[in-house]
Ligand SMILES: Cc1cc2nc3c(=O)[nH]c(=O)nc-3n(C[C@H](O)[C@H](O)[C@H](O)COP(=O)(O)OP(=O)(O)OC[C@H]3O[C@@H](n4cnc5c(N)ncnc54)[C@H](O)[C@@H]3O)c2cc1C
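Shown below, as structure tokens, is a lone chain in the form predicted alone; questions about how it binds or moves come after it.
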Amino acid sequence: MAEKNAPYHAIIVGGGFYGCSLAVALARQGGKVLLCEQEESLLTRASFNNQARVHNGYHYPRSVLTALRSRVNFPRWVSAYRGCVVDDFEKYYAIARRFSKVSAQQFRSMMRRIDAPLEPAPKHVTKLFNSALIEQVFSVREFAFDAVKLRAMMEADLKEAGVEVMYRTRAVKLAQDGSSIRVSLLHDGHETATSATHVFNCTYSHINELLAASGLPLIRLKHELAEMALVEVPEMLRNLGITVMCGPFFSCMPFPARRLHTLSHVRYTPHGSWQETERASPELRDFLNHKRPASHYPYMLADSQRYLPALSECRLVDSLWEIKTVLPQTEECDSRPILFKSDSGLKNLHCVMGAKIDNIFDALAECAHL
């Protein structure tokens, strides 16, 4: 097995937004950093295949901590990544009358607690909703991001920081090597190896696969095979982003990278779920690479248009498919903290996973303590 330029201060496994951001931060601190990405380019998987929402706290009325962290991080993220932020649309949150886990009053109270801007929606917007099913609609301040522009920004930052990037490269095994970690890599079908003082496993839904291949303890994670429908919306919805809370939960949000909207639904976006406890499971991953299930879009649309009738005029263009991964213990209150687990079976092996793009500042703060 060939040896590659050793040793590094840090090797980052996974070229999504979190992996790229950590690589840039570490390199700017003066360390020699290698970033490994198994795809042909960066930010092609979970960092692209999502709702492209920059959170401002509204999404989490049942988790004070998550909502508050979003409020703190929102202006920082918008400032740091202004070049890919899209704010030329109106954003509304609507509260369902039935089956919602929060009332309009509870939602309003929570947003006041975290100082999130909130106003009653104008009449021409409330008229779009079915008043028999919607208690109240609020005008909020929340943005989207263009994932293609974000990728270009990260590529520029990596180059400026002097990070070495290897594409078409997969980390297949980790092992302790004295005070360093030895990383076995598969690059374009050829095996190589190198080492680093710190290794960051930023592979999102694949975190446990690398741990299992290395004979290390797994992290308790839950996965969902998720479908995000990409739709053309009618003219009256084109400049709007809409989320209906919080039980009959769906969103129709601008997706700038494709100049379309996403339609997602709490019940129909997931096509199946599984938990990893004692072994890394590949169960539904094959659908991403081979045969995918039939789209749930007809079911998403049928339920969503009951609350927002104008959605009936949507046209399905495509779907984004991805494995969504969360920490099971956070599901009851719908919180979305980061995972930053250091010494994860090996000294200075750090497993990092963020459920929201604005969590990156919390991950960088943890990294600064190393």
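Heads up: residue numbers just count along the shown sequence, starting at 1. On a predicted model such as this, the values are computed, not experimentally measured, just so you know.
The form predicted together with the ligand is left out here; the points below concern that form.
Just one of 67, 52, 311, 33 comes within 4.5 Å of the ligand in the predicted bound form, counting any heavy atom, and that one is 52. Though the ligand is absent from this view, in the predicted bound form it lies within 4.5 Å of a heavy atom of just one residue from 47, 344, 56, 304, which is 47. Within this chain, residue 204 lines the site of the ligand in the predicted bound form, having a heavy atom no more than 4.5 Å away.
Remark: residue 357 counts among the residues lining the ligand in the predicted bound form, judged by a heavy atom distance of 4.5 Å or less. Contact annotation for residue 228: at least one heavy atom lies within 4.5 Å of the ligand in the predicted bound form.
Not displayed here, the ligand is approached by residue 38 to within 4.5 Å at the level of heavy atoms in the predicted bound form. Across the options 232-240, 162-170, 92-100, 107-115, residues that bring heavy atoms within 4.5 Å of the ligand in the predicted bound form belong to 162-170. In the predicted bound form, 322, 323 are the residues of 309-323 with at least one heavy atom within 4.5 Å of the ligand, listed from first to last.
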